[in-house]
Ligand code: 5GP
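Here we start with a single chain on its own, the form predicted alone, put down as structure tokens.
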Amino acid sequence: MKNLFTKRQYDNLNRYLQSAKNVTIIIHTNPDGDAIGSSVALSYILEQLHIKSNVIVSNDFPEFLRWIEGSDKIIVYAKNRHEARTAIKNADVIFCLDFNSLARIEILEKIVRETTAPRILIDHHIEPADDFDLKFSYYPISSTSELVYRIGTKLLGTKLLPENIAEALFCGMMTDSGAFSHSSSYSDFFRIIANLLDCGIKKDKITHLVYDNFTESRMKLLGYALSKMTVLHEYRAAYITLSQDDLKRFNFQIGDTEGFVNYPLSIKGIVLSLLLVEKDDHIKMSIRSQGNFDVNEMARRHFYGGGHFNAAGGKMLCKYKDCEDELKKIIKDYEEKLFNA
């Protein structure tokens, strides 16, 4: 299996961990399966090394990820501010998982910057910021969960992990690769999946819990979203907009719009898909592409965001009623690149 990191990086990691009694693991706002899976798995790996840890996130996470063992112990800052602040303040080491800049943890950024604890990044997004003392960053890889597998097996000296760790990592690798449909075209990916299966995980059970565990309201919201989808064949692009009123109408719960942005890419000829969801003070965006169209560049340039080449996120600061006109102007500027993708 390809070695992604140097001996010096692992030596530095071991040096930090040798003196660590309390470790805090922080994941990005609006956490997904990779963020939850990788952080819970890392917490259990540290437990194997007799190191106490906490996982902290700024806001809540989707119901369909709560089956992951250990997810019930995640400290949600919005619900337990004092507990989260105390854990960060008392940390000897802070792991930053599945984000490449402290700006991605939003309300927690200031609290983390005020600490003196070394910050260790484990992440697979492009162009990590200079916010970290040690980086395990490799953007061509499937997921942060895959990186945690590689680092965890190195630390523990074994290929076969306890089942609870393997389940969490499998969930992260599965969800961030779109159920193995992208970001997974290399043999090491499937070698790791095979190793996780050898750990005793139940693949079909995990798949069912993640992809077949939604509410009736969520299914109706999906149908409504697709019914109001706008397709711009002249630009090989499509987008969906959802207002706060739309979400209320369908009893929106955190995670209900997960995956919606992928559906327009099923249309013949479409290479760019965007999902715009109205929030209190901005429009949240999910952006996906296929082929040779860089949505990371688009998100960074126009939408205060970033991510991967074919998957990114961002936001618009205009009013909801103006967002479609603004979006069409931006898409028009990419006409040539979209047709050459």
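One rule holds for the numbers: they count along the sequence shown, beginning at 1. None of the values given here were measured: they were computed from a predicted structure.
Another form, the form predicted together with the named molecule, is not on view; read the next lines as being about it.
When the named molecule is considered in the predicted complex, only one residue from Arg236, Arg119, His125, Arg218 comes within 4.5 Å through any heavy atom, namely His125. Of the residues Ser286, Ser58, Ser289, Ser43, just one reaches the named molecule in the predicted complex with a heavy atom at 4.5 Å or closer; this is Ser286. Contact check for Gly307: a heavy atom falls within 4.5 Å of the named molecule in the predicted complex. In the predicted complex, the named molecule sits beyond 4.5 Å of every heavy atom of Arg150.
Residue contact with the named molecule in the predicted complex: Leu272 places no heavy atom within 4.5 Å of it. Heavy atoms of Ile68 never reach within 4.5 Å of the named molecule in the predicted complex, leaving it off the interface. Contacts between stretch 311-335 and the named molecule, counted in the predicted complex as any heavy atom lying within 4.5 Å, involve Ala311, Ala312, Gly313, Gly314, listed in sequence order.
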